[in-house]
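Shown next as structure tokens: one chain only, the form predicted alone.
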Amino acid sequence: MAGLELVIGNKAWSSWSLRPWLVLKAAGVPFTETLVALRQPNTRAEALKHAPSGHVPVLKHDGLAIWDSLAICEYLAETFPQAQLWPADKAARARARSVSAEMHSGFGPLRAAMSMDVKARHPTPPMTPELAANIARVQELWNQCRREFGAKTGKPFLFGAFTIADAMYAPVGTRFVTYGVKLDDVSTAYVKSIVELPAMKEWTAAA
């Protein structure tokens, strides 16, 4: 079986690259990194060398190229079932997939107003109704997952142990730190668990 290669963008900014990178770290499998520099005239041309989407991340494995963060994460969950990248419980797993898909397809105002920049600190942007609604919804999701699933395990992540759902929301946690967003107590504790994750510290140090 060929080795795993993850094609990523700059670690300071590439939220979509961070997600499968954290999942690979959680799986505990070796992989190599290939950087496509973002915000350059040739960024798309370089990304097209790895996948027809022209975007990063891309996972290369055993002759396959898998693009899109969530597709990569699903592939890793299937390839390394022993890593338990989704919750084992059926109900928890369904919820984890639901909240992951919601992050994957939504929260446009939050993304637009607070781009990821793990090495910087910026003022909180003007709180438009749309941005406020996004921030409130993220906290609602986190509180529900923690209350119904994670808190019962005694472990700090949404469903107890770290899963793909946490990887999907990790960039949002970094955004809240970067822009000094005030959060409720449950969300504050959750963000602290994310930023103190050894893999997250490794990513930030390399940014």
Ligand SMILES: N[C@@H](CCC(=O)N[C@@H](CS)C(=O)NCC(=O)O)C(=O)O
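These numbers were taken from a predicted model, which means no experiment stands behind them. Each residue number is its position in the shown sequence, starting from 1.
There is another form of the same protein, the form predicted in complex with this ligand; it is not shown, and what comes next is about it.
Think of it this way: in the model of the complex, this ligand has a heavy atom of just one of T178, T153, Q144, T43 within 4.5 Å, and the residue is T43.
Just one of V56, A170, I164, L158 comes within 4.5 Å of this ligand in the model of the complex, counting any heavy atom, and that one is V56.
Between 23-31, 136-144, 61-69, 178-186, the stretch whose residues reach within 4.5 angstroms of this ligand in the model of the complex through a non-hydrogen atom is 61-69. Contact check for L38: a heavy atom falls within 4.5 Å of this ligand in the model of the complex. Interface membership of H104, defined by any non-hydrogen atom within 4.5 Å of this ligand in the model of the complex, is confirmed. Taking this ligand as positioned in the model of the complex, the residues of 3-17 that bring a heavy atom within 4.5 Å of it are, in sequence order, S14, S15, W16.
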